[in-house]
Ligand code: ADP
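Shown below, as structure tokens, is a lone chain in the form predicted alone; questions about how it binds or moves come after it.
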Amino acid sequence: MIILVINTGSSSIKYELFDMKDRKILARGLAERIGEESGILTYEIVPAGGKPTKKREKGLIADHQEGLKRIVDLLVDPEHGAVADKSEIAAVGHRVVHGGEAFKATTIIDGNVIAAIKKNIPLAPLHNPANLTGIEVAGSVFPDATQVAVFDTAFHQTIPGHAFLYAIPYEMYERYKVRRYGFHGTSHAYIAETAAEYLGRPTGELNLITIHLGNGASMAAIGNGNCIDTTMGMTPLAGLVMGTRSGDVDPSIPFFLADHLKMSFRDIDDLLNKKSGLKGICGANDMREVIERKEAGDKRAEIAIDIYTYRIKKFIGAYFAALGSLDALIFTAGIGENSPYIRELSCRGLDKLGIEIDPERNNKAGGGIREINSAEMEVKVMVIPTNEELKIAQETKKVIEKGRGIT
């Protein structure tokens, strides 16, 4: 089964094409700056045993419809295409950020699913509209393919009420579904399953803390294979300090800003989501740049890193307490996989919990799954590269086969 996975943003389409017979990537790429004259379309085909072919086009990509059509043209290109015809693509798996309480699992898309995703737009106004655009465009470009929605929030639906409810009038939950939902679910699920496979133990026997550190960042406490808590909340703004997002703040701060600076709530939302986090503290949201500035003596950059890693450390302690015991602590995503310095600071001083990083193992270059804990410590500290696109493809294949009665 050949499956196309797309992750549609407001001005981008990230895509990967998989042959699920052997979980092989056939092609991948990104259409970005959609709607701008400076649009960019990248494409990489990954032939079996051969050298990858890469292409990069610049120019206006008028809209998502045109962007996906140009992606398809590359996928079926006679010389460098990954498939002979788009009809070979059996399904399109869509990343959908917010499923609310309506979706606890991956779902084949129909009119009712689309209506439910639209209903959840108030919970994810920056993401769900773009995800819906991807679904609508893919439906017209691939009329014969099965369209499948894989929700960021689904993995977190096992969180118990005492962890997902906020201490506000209960009516707010009953009528408006105001609660903690969590995000990055496909990443946390993939990491948990990969860790279990690596450790040779059933997922249901493991207690894990997974730490997804990219421009967006979140953590999950996974007890006996089920998510019991996560740092993001009703929206992706809560929890850890991120590239441009504040993470947890005093809930009264928006009212203070409105009263004293006469800021509108729209402006405050923009401030907390796009102008805060690392960027708000030191002016840069790329952790590589922040670390370079810190090493050059920039005090703001040093403060930003201290706040960032302190928040991670606090949640490690909190989740250790919630779980009661811990088998592995796992770093993933761009910063988590590639920054030994951030990993070391986040775990510094946690040896009493059985968590300690070995400097040599931590600083050793290399990809793939690796253990970076001190050998004598009980808790495994690991780096596992995430693969959200593969997880989406796996979930898409699973739901289609289940619908056909294949087990």
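Fair warning: this is a prediction, and the values are worked out from it, not measured in the lab. In case it trips you up, residue 1 is the first one in the sequence shown, and so on.
FYI, the form predicted in complex with the ligand isn't displayed, but the following is about it.
Peer 1: Just one stretch in 166 to 174, 230 to 238, 327 to 335, 153 to 161 has heavy atoms within 4.5 Å of the ligand in the predicted complex, so which one is it?
Peer 2: This holds for exactly one stretch, 327 to 335.
Peer 1: At the 4.5 Å heavy atom threshold, is P254 in contact with the ligand in the predicted complex?
Peer 2: Residue-level check for P254: no, no contact with the ligand.
Peer 1: S339 versus the ligand, in the predicted complex: is there a non-hydrogen atom within 4.5 Å?
Peer 2: Although the ligand is absent here, S339 would touch it in the predicted complex, with heavy atoms inside 4.5 Å.
Peer 1: According to a 4.5 angstroms non-hydrogen atom cut-off, is N215 in contact with the ligand in the predicted complex?
Peer 2: Contact with the ligand, yes.
Peer 1: Closest heavy atom of N207 to the ligand in the predicted complex, within 4.5 Å or not?
Peer 2: Close contact is absent here: in the predicted complex, N207 is far from the ligand, nothing within 4.5 Å, heavy atoms only.
Peer 1: Please identify the residue among I135, M287, I71, A301 with any heavy atom within 4.5 Å of the ligand in the predicted complex.
Peer 2: Going through each option in turn, the one that passes is M287.
Peer 1: Between A145, A116, L323, I291, only one gets a heavy atom within 4.5 angstroms of the ligand in the predicted complex; which residue is that?
Peer 2: Only one option qualifies, and that one is I291.
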